[in-house]
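Take a look at this one chain, the form predicted alone, written out in structure tokens.
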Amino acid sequence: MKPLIEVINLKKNYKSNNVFQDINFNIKKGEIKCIIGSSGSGKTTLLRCLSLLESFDDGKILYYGNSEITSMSQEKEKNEVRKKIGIVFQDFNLWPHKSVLENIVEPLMIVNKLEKNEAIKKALKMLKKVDLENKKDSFPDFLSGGQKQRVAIARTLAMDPEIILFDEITSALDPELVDGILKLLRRLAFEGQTMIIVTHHLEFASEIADEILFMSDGLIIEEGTPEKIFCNPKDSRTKRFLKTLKKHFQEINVYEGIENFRAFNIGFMRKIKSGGEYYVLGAAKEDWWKSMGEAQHEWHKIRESKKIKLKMIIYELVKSEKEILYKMPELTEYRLISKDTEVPSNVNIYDDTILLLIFDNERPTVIEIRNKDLVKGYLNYFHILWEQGRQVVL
């Protein structure tokens, strides 16, 4: 598969200073790359050059395997490429004198040449996707920062870009608004949207990215899977950067609804280290399978490819669990315990994270708690019950 974008020896100067130099990477359809690094490392300028909003001085960018753009390329060629690339900025860039709906409709009519009725229909569909259909007649000044950012994302999605670039889109938001935006990006990831995301949220990046690029002083210092970058960085500059951003407090996140539930579970499985073990205390019978729908196939595909072992303590073996045991016997182990044993149902344990799963018809919920002491306590209890349980052998 040819990359959607291939960057070759890209260089950008500002006056006598190098903004970045010798940048090389590519991204294929459906991939997600996160760019991390301190302020001034060239991340934002790189995105602006990729979207052709800013010129570069040397090197070239290949788009879709056939469009080659250099610093000398004609504006007409660049405009054709720009139509396929979406970019979302940290400062929203909405027209204050136009309503939410108009902010999305106008570009569809001007750039994509859609008729007004067709543009309105598409805009409303995108507003529904970001849960802002009820704000279509509001003006930006009457929206929260998180709502403005969701409008900006809806406007970009409406243009049907092949790839979307996100530039620190949570940095201008209050902390309580950040989670909603990150949940939306998780949903886009689950839907297969190709994305390059500049972010300082390392936990989010480790969960969502196929590859991490660490930039410092205008160079890509290190690149690789989240596991490689966050668990085994090679360069001393990467190690110093990660050390400054480590968190030591408890973090609690809540993900509600079918799409968020599925996107989180897929993302969390991507985040687990290859060869790791994932523990489940009190299975959900068929509820988890129903809530995941077709997404369960992707979940199991990731688990199988990364050889993640699942250890589960259950009261009874249901059909779906039996099928997985047949399919991946070397990676799946169940222990049956008495129904008289009181178990905190649907507790998932991995590394420093506890996941509590709640199933409520069409609105399943994941409560993510990152607390090493809590994990230690639950894991000790898990091992006690594990020793008491009876191994399931088919």
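Residue positions are given as counts along the sequence shown, with the first one as 1. Computed from a predicted model, the values in this text were never measured in an experiment.
One more form of this protein should be noted, the form predicted together with adenosine-5'-diphosphate, which is absent from this view; the next part is about it.
Stretch 32-40 is the contacting one of 32-40, 353-361, 60-68, 332-340, since its residues have non-hydrogen atoms within 4.5 Å of adenosine-5'-diphosphate in the predicted complex.
With the partner omitted here, the residue from Asn26, Thr365, Asn346, Thr44 that has a non-hydrogen atom within 4.5 angstroms of adenosine-5'-diphosphate in the predicted complex is Thr44. The closest non-hydrogen atom of Leu10 lies beyond 4.5 Å of adenosine-5'-diphosphate in the predicted complex. Contact annotation for Asn17: at least one heavy atom lies within 4.5 Å of adenosine-5'-diphosphate in the predicted complex.
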